[in-house]
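Here's a solo chain for you in structure tokens, the form predicted on its own.
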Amino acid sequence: MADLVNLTIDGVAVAVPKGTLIVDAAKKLENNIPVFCYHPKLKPVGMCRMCLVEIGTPKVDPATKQVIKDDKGNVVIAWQPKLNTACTNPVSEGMAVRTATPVVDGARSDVLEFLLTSHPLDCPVCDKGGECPLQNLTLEHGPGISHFDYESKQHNAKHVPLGDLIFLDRERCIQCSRCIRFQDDIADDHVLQFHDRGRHMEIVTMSEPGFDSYFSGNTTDICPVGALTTADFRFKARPWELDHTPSLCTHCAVGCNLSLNTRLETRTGGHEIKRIMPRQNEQVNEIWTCDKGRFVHEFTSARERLTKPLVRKNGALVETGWDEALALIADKLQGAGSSVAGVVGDRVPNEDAYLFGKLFREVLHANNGRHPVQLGMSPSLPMHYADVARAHGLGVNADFKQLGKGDTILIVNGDVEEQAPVWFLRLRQAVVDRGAKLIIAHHRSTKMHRYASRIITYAPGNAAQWLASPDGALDELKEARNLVVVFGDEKCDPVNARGLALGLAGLITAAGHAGKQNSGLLPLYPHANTQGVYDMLGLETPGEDLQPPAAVSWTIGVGEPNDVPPSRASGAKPFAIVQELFLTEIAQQADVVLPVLSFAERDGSFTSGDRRVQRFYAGLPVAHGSQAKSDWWIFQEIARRLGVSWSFGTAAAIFGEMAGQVGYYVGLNYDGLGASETQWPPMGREDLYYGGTVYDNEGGIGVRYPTAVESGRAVSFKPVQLVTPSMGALSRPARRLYQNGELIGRSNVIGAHIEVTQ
């Protein structure tokens, strides 16, 4: 346990770890010292002077060097002659702090009066109105009148685009530098800076294109005024008009906690997501999110959404009712016998994947690809090593914040910033701020290379071959306190991808780190539920040869054409069933297309890349006129038409059965996943000045299930014979954050950032 320091704040005793700043020590007592420039996630700078307090220390006799006490035995406090900033002064033993004296109150009032001399006072039209720290602190601590003439205010051009995602209102800026410091210290994107001096000082962008960062939206959350606003939300709604619903990001394996801010849109008459905000989860994303997770939400209300079932008649897809579509599917499945294949994408929630597997196992009698009836994930997804990651992943109580000096992070064949952006922020801090060692093995350069103490290169597609060679032995890993191995499948064939995962698992074991709490594999999966879908389908071994037979092919949440394996039968075209949000290229070729709900319109759970099972909640009602359904509802209705009666009324009911059937999930339940706990530093809606406009975690922090090694399960994998990298794998482009796709392509604000890959 850290050394504790004892002090009093306004006469109340408190003990906090050595090095704690006064402002944070006061927070422990719910004594809210007002701040503007200070933020608990950023390095303190003491710029705004809003946190001025009186500080005293025990008076010491210069002759004896002993603490002086009065005649009652109380320590005599020597008060400093001037006020000091609570955000830059760490606590010391015996310190006394006064935060509510007349001189302190006067200083706060003066600071606010000075800030408001350059402020436009446009609260009625400011996007920050209703959640503005400057507004709130002025009401609590500010003067009732101003000594300054309104006509002498500084006037600047308003709504200046720093980039195409973030706009600056220069008149509102109080020059706290939070945005600059976030980009410098957290994101390591030095794209913002102060320009000029005095009342003319302003924020400017230092990059081309402007504000070139994957994390720009976070600056609007921590901005204590309405100076920075996002392109998707500015002038769109007021905070008090919005409903907020706990949710999860679906775009990568991190599992960032979000809040969907929704409102009835009078223009269209339907509910829409007006903005997406971070939700605090210190074990997952802290309070950050990448810009893709923040801005790619417009697909949920896109006009192109499928709203009714489609069936192919006379060569064309036409709208029909659910009864006709489901009856046709049931008839085709009955006629197909064992000639059925199901392929599931990794955006599908756990509950839906489980019920799809149950349908195949109990109704269609699939057996994980070993019978003619086949069930599996899309061949292009990293199912080829999900079992290895599940067995040798990070410990059940692993915490990135505990990684530091003495620990080693090994990144192999992955681009963390592009493929798991918030993991990039957190791993970078472990290296740069806390002294962890970083080793990178890759065939190309990534942003993470900036911080590496050792860099290893190999030919594209040869990550597994490098690891299997003598040069791949890393004896220094044995000396590490903990070893985290982050890896991807870039340019790898399925066999080589599995070989790489097996080799890295063996490396962790040989180095003596298997089963340690803060050690293990961390796979860079492409989406939110890659691990979960694999777990739900009961795929104990990868189905590398999954191919749909000639009779029926059923694809769920598979967005790209190359994700669907070709027909095994020469010249035969299977009866194709597709469940989707949009009429994708795959759906256009189908015989039946069923409209499904997005993550924002339903409840469910995802399992992140580090095996944390988390809940998300319905934030939008089904659009008026839409007949879209949850995937699990469709499976249940088809099972009923095939003679099996299921009675799952909610996703929670499915999870209840699932947790009793899927070994790794035994003991989990929705109540447990939805449970929250006190987190430090405290963020949320009660003290916007301190942490920003992020949301409290009301939806639960989730539960990580233990690895096979931790659970004492026998772990044995059949070795693979590495193959020469194929041209197909080598020509496949590296996965990028803004890679073009069905969802990101419907974002009106992110369009200029989309990278079209061939």
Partner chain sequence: MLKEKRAAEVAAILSKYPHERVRSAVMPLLYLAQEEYGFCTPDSMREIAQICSIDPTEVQSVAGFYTMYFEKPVGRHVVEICDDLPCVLRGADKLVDYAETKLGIRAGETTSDGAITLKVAMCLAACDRAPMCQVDLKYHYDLTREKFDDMVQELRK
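Residue numbers count along the first chain shown, from 1. None of the values given here were measured: they were computed from a predicted structure.
The next section is about a form of this same protein that is not shown, the form predicted together with its partner chain.
J.: Is residue 456 one of the residues lying within 4.5 Å of its partner chain in the predicted complex, judged by heavy atom distances?
T.: Because no heavy atom of residue 456 falls inside 4.5 Å of its partner chain in the predicted complex, the answer is no.
J.: Would residue 192 count as a contact of its partner chain in the predicted complex, using a 4.5 angstroms cut-off between non-hydrogen atoms?
T.: Looking in the predicted complex, residue contacts with its partner chain include residue 192, since a heavy atom lies within 4.5 Å.
J.: Applying a 4.5 Å heavy atom distance criterion, does residue 289 contact its partner chain in the predicted complex?
T.: Answer no; every heavy atom of residue 289 is more than 4.5 Å from its partner chain in the predicted complex.
J.: Does its partner chain come within 4.5 Å of any heavy atom of residue 208 in the predicted complex?
T.: Because a heavy atom of residue 208 falls inside 4.5 Å of its partner chain in the predicted complex, the answer is yes.
J.: Choose from 192 to 200, 388 to 396, 242 to 250, 650 to 658 the stretch whose residues reach within 4.5 Å of its partner chain in the predicted complex, heavy atoms counted.
T.: Residues of 192 to 200 come within 4.5 Å of the partner.
J.: Could you work out which of 204, 75, 431, 302 is the residue within 4.5 angstroms of its partner chain in the predicted complex, going by heavy atoms?
T.: If I apply the 4.5 Å criterion carefully, the residue I get is 204.
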